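Take a look at this single chain in structure tokens; it is the form predicted on its own.
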């Protein structure tokens, strides 16, 4: 049977890059073999972990560990070069994982397992900057659909960069993360949405506040705003700055639960529950544009109402009545911090909704007024640089000055905690 040119291209797609990758791994293995031999003589051993390879085949992933079983610093991945040279693993691919047969029966599982898993993967990259929304098989399938030599190079580069400030240790995760005196609810995106859509007790509005670096800085200058945050039912960590602070302070952040990424996931949930959503804020027409976008992309969602944020004090009572009579269960308020949080707190006793969220500039993104940073920049945790590029005159103080101020406060807090631990240890020893 003769193959057409198209069939031949499909059959050989990725064969050359795979061969090159195996050759590179073999060369690296040759150069690092003396290092591995020295470590072996000093007691290091190879740990073999069963993983799922291509089409569900068993692969024994190899890692160099010390006598205590911990990975050898810097050199733990040397034995993995054997996996790469054999073709059991690829440099880039779906995430290395243990997957059961039931997952292979799903379409996404079959797609993700159609090629060798990779040392570098989109899933693992997004975990490092806490933007791993969706299931692992979904993200693996996304990678398989979009893969290319250029995309693979980008994944490797971004993975190496984020390894400096990202990391994947989640051993210290607790239900709360304390960042500079602000306790944050350490939830995943799905858990946050579950909490938001849960009906509240009658007369008990659930205020939800997203907390980013700028919010923390504002809370130092505005005591009333800090108190509002402390009184919120949910305080959700927003942005890479909180992730970095959590690692420095050993108070790990589970996920970057920002309003912009949460919004479409919330709409998808509301489209199934039938709960109503009211959009309040932005310039005239912006909230209406967001409502139109939501209904076009999530046809089942019920938009109970939309109103801009440029209203006079005398119009406030009528606006609240409109929200209450709309039948909305969830209210999004886009006034910007700290005004939106203070407004929700001030009217909590009058608003008859289950949850009210302060969402900052979210409406401008979904109304198409301001483009969002590309995905690759978000995966690096550098979305803020795109916002600075878009509006340097308005954003330079918030990011260039604010980020430095925030990190200096974090480092001072770390030194303070270490001093306290040292004093306690001295007391114990004495």
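Numbering follows the first chain given and starts at 1. Bear in mind that the values here come from a model prediction, so they are computed numbers and not experimental data.
Below, we turn to the form predicted together with ligand UDP, even though it does not appear here.
Judged against ligand UDP in the predicted complex with a 4.5 angstroms heavy atom cut-off, the residues 309, 360 and 387 are in contact without exception. Ligand UDP is not shown here, and in the predicted complex it never comes within 4.5 Å of any heavy atom of residue 346. At a distance threshold of 4.5 angstroms between non-hydrogen atoms, residue 42 is out of contact with ligand UDP in the predicted complex. Using a 4.5 angstroms threshold between heavy atoms, residue 350 stays clear of ligand UDP in the predicted complex.
Contact between residue 325 and ligand UDP in the predicted complex is not found at the 4.5 Å heavy atom cutoff. Checking 246, 237, 282, 116 for any heavy atom within 4.5 Å of ligand UDP in the predicted complex turns up a single hit: 282. This chain lacks the partner; the member of 87, 300, 149, 336 within 4.5 angstroms of ligand UDP in the predicted complex by a non-hydrogen atom is 336. Of the candidate stretches 28-36, 392-400, 42-50, 371-379, only 392-400 has residues whose heavy atoms lie within 4.5 Å of ligand UDP in the predicted complex.
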